[in-house]
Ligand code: HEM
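Just the one chain here, laid out as structure tokens, in the form predicted on its own.
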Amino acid sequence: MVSKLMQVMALVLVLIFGFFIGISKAQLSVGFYTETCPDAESIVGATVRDAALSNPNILAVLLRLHFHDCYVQGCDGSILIDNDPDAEKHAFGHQGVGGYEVIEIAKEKLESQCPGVVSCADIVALAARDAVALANGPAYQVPTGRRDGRVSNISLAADMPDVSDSIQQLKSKFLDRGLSEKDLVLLSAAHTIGTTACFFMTDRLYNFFPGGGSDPSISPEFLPELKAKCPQDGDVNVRLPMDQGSGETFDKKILENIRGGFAVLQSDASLMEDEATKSVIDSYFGPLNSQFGPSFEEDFVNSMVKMGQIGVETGSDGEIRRVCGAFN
């Protein structure tokens, strides 16, 4: 009896020990590279600034890249792998994702100064942070310490959120990643900067119903403008701002547009169809919001940091790639 009790106690201790080891391995920390590569964050920031000088839209592109990386298997740089036809980046759900060259430039600079130290996954997270700040959004600190994953497969990106997803589908997909309805609203608000292609608008404008027609949630005032920019049978590669009137500045104008029927993307418009997501949007408006309401910028940062910790590999897991587009 005593022997059996000791075995049980030993098993419990092993489980507890393993639990805390698991927590410690999963921890990220602000300033992770302070000792091993002190200039890591400034190198990434300078690279993003240089890229934005020649292409202001790269800020939105880098923000989107971070989301797409984190959504599939966690924030492990798996979307960056480029030397395999079955690599994740070739998935249909990742079409239009870019910014890879900026990450590689930053990686090359870091490797020359601190070889084998800074992960590509961390570069992606830091670049997104810097992109938000350069677009006049909030400056915030990013916990780092991610390591790069060793798996990148197109099949793993099969359930990426899509612009045509219903609000219930979007909520379910985000919940599967540990993200709440509030996170869904705030991360969707990243559409405050950047553009989309008419390709993603065709069904919403002309085939919303089986027999044709437009999404009735689009403001009658806005519909002719969208159709003029994206005519039926026109060039589907024409691009338009996702945040009408404020497409180059990070602010909550996107949420105001969504409330008023001026959402460009169907997935953004659907946020007003659900009471939980609608109430989150409404909370950022009203006569007393500036004094007593929640801060959109602060909440966005919290959601970004939360997203940036999905499924991270730390400690001895994964690897630190020499180049971001290929495994070591």
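In this text, residue numbers run from 1 along the sequence as written. Since we're looking at a predicted model, the values are computed, not measured.
Unshown form predicted together with the ligand; subsequent notes refer to it.
Highlighted residues 70, 120 and 305: none comes within 4.5 Å of the ligand in the predicted bound form, counting any heavy atom. Of the listed positions (75, 127, 190, 106), a single one reaches within 4.5 angstroms of the ligand by any non-hydrogen atom in the predicted bound form, namely 190. This chain is displayed without the ligand, yet in the predicted bound form the stretch 265-273 from 28-36, 45-53, 265-273, 291-299 comes within 4.5 Å of it by heavy atoms.
Proximity of residue 40 to the ligand in the predicted bound form falls outside the 4.5 Å heavy atom cutoff. The closest non-hydrogen atom of residue 161 lies within 4.5 Å of the ligand in the predicted bound form.
Under a 4.5 angstroms non-hydrogen atom cutoff, the ligand in the predicted bound form lacks residue 175 among its neighbouring residues.
Contact annotation: residue 137 falls outside 4.5 Å of the ligand in the predicted bound form, judged by heavy atom distances. Along 182-210, a non-hydrogen atom within 4.5 Å of the ligand in the predicted bound form is carried by 184, 187, 188, 190, 191, 193, 194, 195, 196, 197, 200, in order along the sequence.
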